[in-house]
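Next up is one chain by itself, shown in structure tokens, the form predicted alone.
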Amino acid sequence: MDALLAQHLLNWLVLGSIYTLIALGFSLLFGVLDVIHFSHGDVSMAAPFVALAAIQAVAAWAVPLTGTGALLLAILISMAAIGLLGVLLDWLVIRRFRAAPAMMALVATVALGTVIRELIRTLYPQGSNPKPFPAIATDVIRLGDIVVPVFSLIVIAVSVLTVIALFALLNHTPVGVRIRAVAEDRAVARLMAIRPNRIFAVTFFIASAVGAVGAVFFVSHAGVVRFDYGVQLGLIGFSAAVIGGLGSMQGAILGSLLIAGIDMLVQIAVPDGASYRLVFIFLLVIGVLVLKPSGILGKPVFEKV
């Protein structure tokens, strides 16, 4: 295989894997709560800032961890912290809109995302400035003329394992049965002694923790983190979920791969494509919604009037 083609394919899989981790959160939350959690990208993007603070705390406490070990510990801490943040935001804000019209929840979560970004910008030291983020791995594997970064393999492997774990959780565990029951009919779930509020909390924790991993991979791939990256990452993750079909886990994966493919093709084929990639990505979103409003794998919803 041509080395340049192999590099492009690898970059496509890396971007698709990162977008998948964000899009899965949107689909999971919409599938269970029937609410578009538009601040999911901003919640996820808080993870790199938590990780940076955790790295500094590890160094200050003289914990015998440095380099990759300290970074991995920081990522685990950020996953737990962002998972709990998702639960807290559901309890404080989002649960108030479960029975409200969809537009109210949408506006509330958009406002919530702005609050999160501004809190990061003002409370984190020099939060308005871009901050370098350490690479998770810098080693490479050489296969002839093809150079494969270990970081790329880690991103792809973690994303695949996360998808497998989520499908196993939802389809082969008691918690997954309860999540699917609440998603299907909350009233019937209550009659079966299932507490929807607990299921909502579990779902928010899982979606936020998975999104945290995606955000950490995103900024490690970029090498820098900004307080407003959550807007872009959230829009791309939401678009991937919409293209595939909101509420469909398989659709979130397919939509992420399609968006990553467009992203790579534009950067390769269009002069100064990096500046215009979002234009083509959202043109794809518009085209899919015009042709199939429910998404590629989504099911049409009929309402009686």
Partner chain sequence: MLEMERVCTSYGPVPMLRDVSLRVGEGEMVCLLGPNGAGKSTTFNAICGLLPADSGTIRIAGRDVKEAGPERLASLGVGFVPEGRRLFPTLTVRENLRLAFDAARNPGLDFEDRLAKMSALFPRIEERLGQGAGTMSGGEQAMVALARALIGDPRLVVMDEPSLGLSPRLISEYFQIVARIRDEGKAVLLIEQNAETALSIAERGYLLIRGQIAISGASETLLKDDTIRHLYL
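The structure displayed is predicted, hence computed values, not measured ones. Residue numbers count along the first chain shown, from 1.
Missing here is the form predicted in complex with its partner chain; even so, the following discussion is about that form.
Engineer: Select from the listed residues 158, 194, 165, 80 the one whose heavy atoms reach within 4.5 Å of its partner chain in the predicted complex.
Structural biologist: Exactly one listed residue reaches within 4.5 Å, namely 194.
Engineer: So in the predicted complex, is its partner chain close enough to residue 171 to count as touching (4.5 Å, heavy atoms)?
Structural biologist: Answer yes; at least one heavy atom of residue 171 falls within 4.5 Å of its partner chain in the predicted complex.
Engineer: Does the 4.5 Å heavy atom contact test between residue 99 and its partner chain in the predicted complex come out positive?
Structural biologist: The answer is no: residue 99 has no heavy atom within 4.5 Å of its partner chain.
Engineer: Classify residue 92 as contacting or not contacting its partner chain in the predicted complex by the rule of any non-hydrogen atom within 4.5 angstroms, answering yes or no.
Structural biologist: Outside the cut-off, so no.
Engineer: Taking 4.5 angstroms as the cut-off for heavy atoms, does residue 143 touch its partner chain in the predicted complex?
Structural biologist: Residue 143 lies outside the contact set for its partner chain.
Engineer: Exactly one stretch in 84-92, 227-235, 125-133, 182-190 has heavy atoms within 4.5 Å of its partner chain in the predicted complex; which is it?
Structural biologist: In the other structure, the partner sits against 182-190.
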